[in-house]
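Take a look at this single chain in structure tokens; it is the form predicted alone.
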């Protein structure tokens, strides 16, 4: 049995569905399973659980061989803050997995210098990595670069729908954008691949592109001449300071946007992809699919 934590999310739903289609028994942890009948219809066993409720995690881990942890609270506030979910909640999940004899724990983190990041969410991810490594459970930690799906929504949808977009910062830092579909393939691979145990795997998509180049690609593909507005880094930093005490989740998003614009964000996964025969999605292919889906 494989437990997918965050089975209703962007990545988790892809992973849970792919594992089920490939013959695995899959249990999906959701806060409210009744809201996701589409997952039950695919044959997944859905269980109610919450990273903020340790007892529910022990129950969810019973009889489980592998945990795939995709959930996060990057935009959470208050009782659903990143600290309560990505730090405290994941410690409770790792403890529950260890108690129930889980053999393998696959944790989805993020790329970058997260140990020293000024962003709480990133430091919480790193602290969870360290806690997992010290737990004694076999682990695979996956650190993807920025998702094409996320930035395709933030930048691309605005261009295609409104003919304008907002760029956080200068927009000239190269990024190895990666598709969530490709991350899913590496996760499914890690479930049964012993050579990926007890490793940290850095993932990036083919090539590297700046956000400004991403804007240009969407504009060309969509036949648009968008109005592009840049929010300068000093403004972003000030916004983060003002917003963070009231809305930590928005503070995390602004902080991650600053990281994307100012820190190394290039990862070459071609050797790994070739080794395990994972055909990665190019940025042009992703944009073409997104534009065509709107026609």
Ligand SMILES: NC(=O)c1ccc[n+]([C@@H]2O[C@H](COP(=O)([O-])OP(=O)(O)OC[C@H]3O[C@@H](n4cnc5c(N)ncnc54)[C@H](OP(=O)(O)O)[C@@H]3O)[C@@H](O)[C@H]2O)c1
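Residue numbers count along the first chain shown, from 1. Here the structure is a predicted model, which means the values were calculated and not measured.
This next part talks about the form predicted in complex with this ligand, which is not shown.
J.: So in the predicted bound form, is this ligand close enough to residue 209 to count as touching (4.5 Å, heavy atoms)?
T.: Contact check for residue 209: no, nothing within 4.5 Å of this ligand in the predicted bound form.
J.: Though only this chain appears here, would residue 46 touch this ligand in the predicted bound form if you measure heavy atom gaps against 4.5 Å?
T.: No, no contact at 4.5 Å.
J.: Is there a heavy atom of residue 62 no more than 4.5 Å from a heavy atom of this ligand in the predicted bound form?
T.: Residue 62: no, not in contact with this ligand in the predicted bound form.
J.: Flag residue 125 as yes or no: does it have a non-hydrogen atom within 4.5 angstroms of any non-hydrogen atom of this ligand in the predicted bound form?
T.: Answer yes; at least one heavy atom of residue 125 falls within 4.5 Å of this ligand in the predicted bound form.
J.: Would this ligand in the predicted bound form be within 4.5 angstroms of a non-hydrogen atom of every residue among 9, 85 and 121?
T.: Checking in the predicted bound form: 9, 85 and 121 are all within 4.5 Å of this ligand.
J.: Quick one: from 191, 92, 110, 201, grab the residue that has a heavy atom within 4.5 Å of this ligand in the predicted bound form.
T.: Looking at 191, 92, 110, 201 one by one, just 110 meets the 4.5 Å heavy-atom criterion.
J.: Could you check which residue among 247, 230, 237, 31 gets a heavy atom within 4.5 Å of this ligand in the predicted bound form?
T.: Answer to the contact question: 31.
J.: This ligand isn't shown here, but in the predicted bound form, which of 97-105, 162-170, 70-78, 132-140 has heavy atoms within 4.5 Å of it?
T.: Flagged stretch: 70-78.
J.: Using a 4.5 Å cut-off on heavy atoms, what residues in 133-148 are near this ligand in the predicted bound form?
T.: 144, 145, 146, 147 sit within 4.5 Å of the partner.
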